[in-house]
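In the block that follows, a single chain appears as structure tokens, in the form predicted alone.
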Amino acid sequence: MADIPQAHARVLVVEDTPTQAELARVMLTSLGHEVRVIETAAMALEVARSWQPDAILVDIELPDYNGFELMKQLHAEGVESAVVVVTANGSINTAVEAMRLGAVDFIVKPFPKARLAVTLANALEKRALVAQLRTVRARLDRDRFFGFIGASPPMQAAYRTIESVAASKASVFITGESGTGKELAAEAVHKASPRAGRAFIALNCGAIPRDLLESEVFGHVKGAFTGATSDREGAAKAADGGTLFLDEIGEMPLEMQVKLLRFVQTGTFSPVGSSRVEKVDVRFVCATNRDPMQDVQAGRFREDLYYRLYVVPVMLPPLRDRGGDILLIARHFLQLFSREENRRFTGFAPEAERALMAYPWPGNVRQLQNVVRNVVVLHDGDLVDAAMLPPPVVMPGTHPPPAVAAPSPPPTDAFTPPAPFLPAEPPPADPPPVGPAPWAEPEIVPLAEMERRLILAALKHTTHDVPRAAALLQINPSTIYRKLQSWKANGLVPAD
């Protein structure tokens, strides 16, 4: 029988019978593996700690203590080698005990080379699959990533894109509303890249006066303009070997875009007032809170520069579309600011959490950060309640009532109880309008139409306060915004 193809691996053989140990060593060496042979369990544990073998062949009967006890200690110390139990006793009980303690397979002495090859190949393959599964799960379940906090699917997608592009030299273009963490994403690209040990230079193109932007990017020489009293290095030179982050690039004047295009294409530039050409190795990361293609179509952004920079897009979702990330981030800031301000807060009361989830957060994470800091600075206690949240998260006099806070039944002001369940009292002087009997057969309409009626009724009840309507319906405000946009497009509700 032909030998089973084997990937090179480090294999530790724990066997006290010299002839059996030598036989295993010869077989494994001929299969292309690096082999070490140990006679006792204690010595095997020391070698496993330092050498970290890919696989361990463990004999059950050892001079100091048995192989089962060795397996327990290996597991306790976090040694992740694939363990194959080797014994002269091929009983079912021995096999069951070996598997219970984490052995990948079981082999009975004496064994032929082909059997050993198949067993070891399967053990190594299973170990590789387990490692891959652990890595995938860690990536899918992580709620932290280079300063980001969030486990929602949109953020997981952003994490994966950043990881994929980080190792390359490709330009990255980050889009997202103000406050979503675009500079944090740019730093993540840099930190996950081979350039992590070099400079990360951030430049906000919207915060620099137009006549100084060229000097900020490329630097200047002494006397280049009034006030240039000495040579000055620009961001391009400072970022050599590292990453240059151009935030709000859509604000860059068109005449400066021409010069930036040449820099992106050639990697060369001249400081203001100098004819000297300098060459640098820079990785470009750009960001904007607008749609860059709309800026191109409107003539505010050069199309050739757009296609040079818009190589790998990273879209950061708004906070309102991130679901439970809102509470994850709020709890993080609460813990951080409570330590800074010496407060006792440990969490949010349920009604405060519902208010945070119902608010649409137009200012995104930056706004949430400021809201939590406001609460911590102005209040103290064990839990943050809704009354502590500042406007507009909770407007004065509109704290979520207990009936809304409970998942069921619905709020009492959204429903008129059936007449037969009311106490027998004289009718009021001005009876309310009589509606259809609650127990009457409901009108059968498509589910989408019923959803539309309920949302519109909730908006009418709250005088078109979307967050309050969402709280009444126990849905996310973004759902209502999205539905309204769709209905307007299809003529189901009047356009604004």
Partner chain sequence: MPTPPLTAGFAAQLAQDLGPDDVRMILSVFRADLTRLDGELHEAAAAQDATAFRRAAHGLAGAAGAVGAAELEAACRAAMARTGADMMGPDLAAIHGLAEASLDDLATYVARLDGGPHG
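Residue numbers count along the first chain shown, from 1. Fair warning: this is a prediction, and the values are worked out from it, not measured in the lab.
The next section is about a form of this same protein that is not shown, the form predicted in complex with its partner chain.
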- Message: Check for me whether its partner chain, as it appears in the model of the complex, comes within 4.5 angstroms of all of Gly147, Ala170 and Glu187 - heavy atoms only.
- Response: no
- Can Ile475 be called a contact residue for its partner chain in the model of the complex at 4.5 Å between heavy atoms? no
- in the model of the complex, does Pro112 have a heavy atom within 4.5 Å of its partner chain? yes
- Query: With the cut-off set at 4.5 Å between non-hydrogen atoms, does Leu484 touch its partner chain in the model of the complex?
  - Reply: no
- Message: Although the partner isn't part of this model, could you tell me whether Thr17 comes within 4.5 Å of its partner chain in the model of the complex, counting any heavy atom of the residue?
- Response: yes
- Message: Within 4.5 Å, heavy atoms only, one stretch in 55-63, 40-48, 462-470, 448-456 touches its partner chain in the model of the complex. Which?
- Response: 55-63
- Contact with its partner chain in the model of the complex, heavy atom within 4.5 Å, among Ala157, Val280, Ala196, Ala88 goes to Ala88
- Within 18-52, the residues having any heavy atom within 4.5 Å of its partner chain in the model of the complex are Pro18, Thr19, Gln20, Glu22, Leu23, Val26, Met27
